[in-house]
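Take a look at this one chain, the form predicted alone, written out in C-alpha cells.
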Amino acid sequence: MIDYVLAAAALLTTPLLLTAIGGLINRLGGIVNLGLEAMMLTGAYVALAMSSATQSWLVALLAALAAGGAVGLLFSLAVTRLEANEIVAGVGLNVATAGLIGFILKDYYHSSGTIRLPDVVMLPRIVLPGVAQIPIAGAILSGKDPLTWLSWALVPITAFVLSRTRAGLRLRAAGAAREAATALGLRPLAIRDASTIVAGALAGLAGAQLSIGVVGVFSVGMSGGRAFIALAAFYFGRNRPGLTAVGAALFGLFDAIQIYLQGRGVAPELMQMLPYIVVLVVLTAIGVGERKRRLLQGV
C-alpha cells in the first residue's frame, strides 16, 4: 500500500510542482497568474496531438512548452500593456481556453470532451537499476518520467537563479518596485512578460505530463483545478522554491491517498474533495500564522 501511494504521489506531484515553480517566478515578477489552468490545459491538448502526429514524445513536449508560453504571453500582454485586472483576465482566459478547446474537440474530432488518438507515444519511464527493488525509495525514485526529474531539478536551479544571478535580482526588482526598476534602467514590463512566458511554458509541460505521462488521452476537465492547487503550493512556500516543492509534494500525496481510497470502495465524491480540503486547511494555517507573527511584531 505504502509503495503504491508513494509512487502515485511522486507522479501526481510533477504537474503541481512544474506549475508552482512557474507561478512563483511569475509572482516574483509582479503578476499573480490565475490563467495557469488555461496554459496547462493547452499544453495537455497540444502534447497529445503532437505525440500522435509525430510519434515523438520529445517533439510533443517542445510543442506543449511553446504553446503554454504563447498563451502566457497573451495573458501577460493583456495585464501589462492593456492594464487588464489580472484576476479577471486569468479567470476569463481559463473559461475561454476550455471553451475553445471544447469547440475544437466537438467540431474536428466529433467528441463531446474526451479524445483518444492513435499512435500516441507516452513519456518513457526511467528505471534505476538497483533502486527499483528498494522499498519506499524505489517507489519514489524509480520508474518516473523525464518531467518528474526535471520538476525536482528546477527547485535548486530556480533558487540559485533567483538569489544568486543578475536575472533573478532584476526579476525581483521588477516585481517589487516597478518605478524604481525603471529608474535603474530596467524594463519591468518586458521582465514581467518574460516571467509569464516561463510560467506558461512550465504549465504547458505540466499539462503534457497529464496527457502523455499519465493517461494517454485528453479531456477538457483533465487539469481538474491543479493550477489552483499549484498556486496554493507557492503561497505555502512563501516565494521559496524549496518550501514550494514541499507544498506541492504534500498536495500530491493527499491526491494519491484519495485515489487509493476510491479504489478501496470509499465514496469518490467525498474523496475527490480531500486535496482541496487540505489546500483550505493549509492556507488557513498560513493566514493564522502570519497574523500571529504580525501581532508579535507589533508588540
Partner chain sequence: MSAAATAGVVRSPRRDWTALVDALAPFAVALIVGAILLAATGRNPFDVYGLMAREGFGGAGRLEATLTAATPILFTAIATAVSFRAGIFNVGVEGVFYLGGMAGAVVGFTLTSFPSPLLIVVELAAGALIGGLWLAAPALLRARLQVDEVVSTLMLNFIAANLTLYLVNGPFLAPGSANSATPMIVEAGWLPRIAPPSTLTLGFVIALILLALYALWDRLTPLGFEARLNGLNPRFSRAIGIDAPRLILKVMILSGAIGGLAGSAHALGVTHRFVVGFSPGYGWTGLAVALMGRNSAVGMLIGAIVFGALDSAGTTVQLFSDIPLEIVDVLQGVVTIFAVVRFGRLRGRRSAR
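This is a predicted model, so every value here is computed, not measured. Positions refer to the first chain, counted from 1. Each form is matched to the other, and the largest set of C-alpha atoms that superpose within 1.5 Å is called the rigid core.
Below, we refer to the form predicted in complex with its partner chain, which is not included among the displayed structures.
In summary, among the residues Arg187, Arg81, Arg116, Arg125, the only one with a non-hydrogen atom within 4.5 Å of its partner chain in the model of the complex is Arg81. Between its partner chain and the residues Ala153, Ala132, Val215, Val91, the one pair within 4.5 Å by heavy atoms in the model of the complex involves Val91. Here the chain stands by itself, but in the model of the complex one stretch of 117-125, 144-152, 198-206, 225-233, 225-233, has heavy atoms within 4.5 Å of its partner chain. Within this chain, Phe103 lines the site of its partner chain in the model of the complex, having a heavy atom no more than 4.5 Å away. Although the partner is absent here, Val95 is a contact residue: one of its heavy atoms lies within 4.5 angstroms of its partner chain in the model of the complex. Although the partner is absent here, Gly221 sits far enough away that none of its heavy atoms falls within 4.5 Å of its partner chain in the model of the complex.
Although the partner is absent here, Met273 sits close enough that one of its heavy atoms falls within 4.5 Å of its partner chain in the model of the complex.
Interface residues of 5-28, taken as those with a heavy atom within 4.5 Å of its partner chain in the model of the complex (partner not displayed), are absent. When two forms of a protein are overlaid on their rigid core, residues whose CA moves 2 Å or more are considered shifted, and Val279 is one of them between this form and the one not shown. The gap between the Cα atoms of Val282 and Ala9 is larger in the model of the complex, by no less than 3 Å, than in this form. Pairwise change in the model of the complex: Ala10 and Thr284 C-alpha atoms lie farther apart than in the shown form, at least 3 Å.
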